[in-house]
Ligand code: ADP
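The chain below stands alone, shown as structure tokens; this is the form predicted on its own.
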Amino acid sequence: MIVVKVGGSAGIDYDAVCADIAARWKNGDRLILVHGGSGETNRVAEALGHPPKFVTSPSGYTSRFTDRQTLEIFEMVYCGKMNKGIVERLQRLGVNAVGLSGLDGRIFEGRHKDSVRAVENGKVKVLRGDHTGTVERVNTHLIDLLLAGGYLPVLTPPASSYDGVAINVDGDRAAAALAVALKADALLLLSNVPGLLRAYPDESSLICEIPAADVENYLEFAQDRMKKKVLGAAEAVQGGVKRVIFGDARNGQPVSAALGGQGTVVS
């Protein structure tokens, strides 16, 4: 079982990712694809006159502040344009893909955080009206049914709160929780960089290997959203996933390259 998470930033080659997944699926690999959509969500939010607001926690993690209107835009892009665009690509390649959000069947569940602590102008403030959370439980029954029926699941945030409210969750950590729940052999975190870089954005500073026991010690090299990927990798290996690979989704055969060790391998 391989869980593939592909990000939503500029430069990602979704055609290449889908073509590689389709080829491996037809050769018998069991795969689940989780995707993001941050770049397109930002563009649509700007166009709709409700630009994105990002906040930084006191511990240094950056995330999207998700009020109700932002959540609706988020769902429009992630569950609509991005999800169905990927499903269509896979269908055209002969793979019977099914696109779902973590809200469907409560695949991803967690506690709804109505407020968030953020650092603004050097001061910690509490912002209320947020619709975010963290995946605390993965309900695999629906996933198992799809896989048993020969369908390739294509999943995306949001998740469901325990009260059934849609919540924005980090896709990398959701994919990590999914990989743990399914006892996956590998988790691939594909983005628009070749892996974890020691001196971002210098791509020649790629860190090729990270011992599983030392993942969190490499957080200092992670910039911006890469911090969540490293955190997700730590959670995955602690949960029993054998390998986590940070790979490049910009061209070529991104899945096969990552499984072949190109990128940053955590094991």
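Source: prediction; values computed, not measured. When you see a residue number, it is the position in the sequence shown, counting from 1.
Below, we refer to the form predicted together with this ligand, which is not included among the displayed structures.
Among 139, 134, 115, 192, the residue placing a heavy atom within 4.5 Å of this ligand in the model of the complex is 192. Note on contacts: among 86, 197, 73, 100, the single residue with a heavy atom within 4.5 Å of this ligand in the model of the complex is 197. In the model of the complex, this ligand sits within 4.5 Å of a heavy atom of residue 221. Although the partner is absent here, residue 38 sits close enough that one of its heavy atoms falls within 4.5 Å of this ligand in the model of the complex. Within 4.5 Å of any heavy atom of this ligand in the model of the complex lies no heavy atom of residue 130.
In the model of the complex, at least one heavy atom of residue 9 sits within 4.5 Å of this ligand.
Contact annotation: this ligand lies within 4.5 Å of heavy atoms from the stretch 221-229 in the model of the complex, the single such stretch among 221-229, 26-34, 48-56, 237-245.
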